[in-house]
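The chain below stands alone and is given as structure tokens, in the form predicted alone.
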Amino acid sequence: MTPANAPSPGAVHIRTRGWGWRHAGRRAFAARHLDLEIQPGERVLLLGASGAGKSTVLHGLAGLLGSQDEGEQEGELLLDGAHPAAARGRAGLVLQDPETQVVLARVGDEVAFAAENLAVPREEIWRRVGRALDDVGLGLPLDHPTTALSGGQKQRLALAAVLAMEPGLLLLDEPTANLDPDGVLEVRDAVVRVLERTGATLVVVEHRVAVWADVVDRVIVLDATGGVLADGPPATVLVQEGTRTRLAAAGVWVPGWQPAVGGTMPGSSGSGYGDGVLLSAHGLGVARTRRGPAAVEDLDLTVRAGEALGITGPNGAGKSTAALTLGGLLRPRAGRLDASPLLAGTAGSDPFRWRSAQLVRRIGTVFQEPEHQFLTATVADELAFGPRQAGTAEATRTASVAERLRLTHLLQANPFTLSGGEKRRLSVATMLATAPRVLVLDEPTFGQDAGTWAELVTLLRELVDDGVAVLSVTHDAEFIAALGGTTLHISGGAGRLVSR
């Protein structure tokens, strides 16, 4: 730790000894055999393969684990020598899914909420609220409704609410995952400014390793089988050839290294769709609500079989709204969206009017927040739900999708107990199981380690080769490049097509 990063008296000391946690109903421990000591004021980047227990460690540090109804703990985990539950208010956690962290109706009230619970004086609260919103670049009125925010804006809001607490321990779970490139740097710099001002301890989980490598003192890599795979300064863990090779083999993103993608799905026999038109947008206007302002106007777009379309643009530009409209889940604000006979068959040309069983066989949509589409108590039932509703249950296809997306060992687990990366893969798998002709994905690579990222890209490339149209809302430039096709860039209320 450099002198410039010297801790404040309020910075938290972390110690774990043989610590582990197993969620109720799960056979395997989410994290285990963890022996760590993090000094007050240290800045730590916590890495590991998807499912290695990174989020579980953060939840433990935040005092959110411990009830026997929730699971089983072994060993000890202490903040300043005490159980985390006894030190609440000392740690501030930004969850992997910011949607679950927003509780109040207005932006200002949301940021003030945690500080109010800590009995911070009223005048000080609103000073912190203004500074936190400025820090994260969320330039909105205090009375702006939180329901009108995009996923990326909610991510900034959740971070601002925690920064306003000025905790001694700042815990961040994928804090830049849904942000555009400018927003990633803005949020990272906001965190650094807060740390420099408060001297707090930082533990951040992030797959974008290069973003944080220059601002942390230490990198800790969890082993998927328990314990620690690597621990040391970034220059040692991320740069030395031997360590880099071990991390890459474990699926950890390493700066300057890109996993290989490719391959052909066994048994693929071609779709027979050719390159025919599936969807056509004519002067399409999209909005989240029928009476709200249009997010995008006058969009003209043709979606063909066997085409990859990446939808990009800054946070709040309307990308997700456009995707939900193209997926038949939102009524167009203006213009029209037509499904061709090749896609619609006997269902009619307006996807918004299709029944759910008709829609899921033709257009499958993966939401930005995976939990919004989970309906059952086990992964196996979740995978089977869509095909059953569509009347096309195929056990072989469901099993194949589960294997490809590394979900087979989780079939009896509750979907809500999965890691963020596992939830994302399950949400994609549930749509793939119904074999739609158009697949709409919102941030499909969120929370993925290098290995699962490569497998997902390979699978989607195979689907495109087989005649499926894949539409992806994403800030992942590597994903767009690997999938190929065309880009629809949305900003300022308009969409612009860019060939690649």
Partner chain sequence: MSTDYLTPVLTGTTLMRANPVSKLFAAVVITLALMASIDWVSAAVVLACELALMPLLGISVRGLVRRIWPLLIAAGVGAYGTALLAEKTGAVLLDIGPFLFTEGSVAAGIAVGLRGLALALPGIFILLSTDPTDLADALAQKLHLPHRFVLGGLASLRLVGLLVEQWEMLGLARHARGIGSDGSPVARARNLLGQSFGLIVQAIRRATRLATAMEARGFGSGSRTWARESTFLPLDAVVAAVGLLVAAGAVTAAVLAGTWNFILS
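Numbering follows the first chain given and starts at 1. Since the model is a prediction, treat every value here as computed from it, not as a measurement. Basically, rigid core = biggest C-alpha set you can superpose within 1.5 Å across the two forms.
Below, we turn to the form predicted together with the partner chain, even though it does not appear here.
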- [ ] Report yes if all three of 189, 453 and 457 come within 4.5 Å of the partner chain in the predicted bound form by some heavy atom, otherwise no.
- [x] no
- [ ] Pick the stretch from 371 to 379, 197 to 205, 181 to 189, 402 to 410 whose residues have a heavy atom within 4.5 Å of the partner chain in the predicted bound form.
- [x] 371 to 379
Task: Contact residue in the predicted bound form, chosen from 308, 317, 125, 219 - any heavy atom within 4.5 Å of the partner chain - done: 125
- [ ] Check each of 193, 336, 244, 106 and return the one that places a heavy atom within 4.5 angstroms of the partner chain in the predicted bound form.
- [x] 106
- [ ] Decide whether residue 397 counts as a contact residue for the partner chain in the predicted bound form under a heavy atom distance cut-off of 4.5 Å.
- [x] no
Open item on the list: Taking any heavy atom pair closer than or equal to 4.5 Å as contact, tell me whether residue 64 reaches the partner chain in the predicted bound form.
Closed with: yes
TODO: May I ask you to check whether residue 386 falls inside a 4.5 Å heavy atom distance of the partner chain in the predicted bound form?
DONE: yes
TODO: State yes or no: in the predicted bound form, is some non-hydrogen atom of residue 304 no more than 4.5 angstroms from a non-hydrogen atom of the partner chain?
DONE: no
- [ ] Select from 277 to 293 the residues with a non-hydrogen atom within 4.5 Å of the partner chain in the predicted bound form and write them out in sequence order.
- [x] 288
Open item on the list: With a threshold of 2 Å on the C-alpha, tell me if residue 342 counts as moved between this form and the one not shown once the core is superposed.
Closed with: no
Open item on the list: Given a superposition on the rigid core, I'd like a yes or no on whether residue 320 shifts its C-alpha by 2 Å or more between this form and the one not shown.
Closed with: no
- [ ] Classify residue 189 as shifted (yes) or not shifted (no) between this form and the one not shown, where shifted means its C-alpha moves by 2 Å or more with the rigid core superposed.
- [x] no
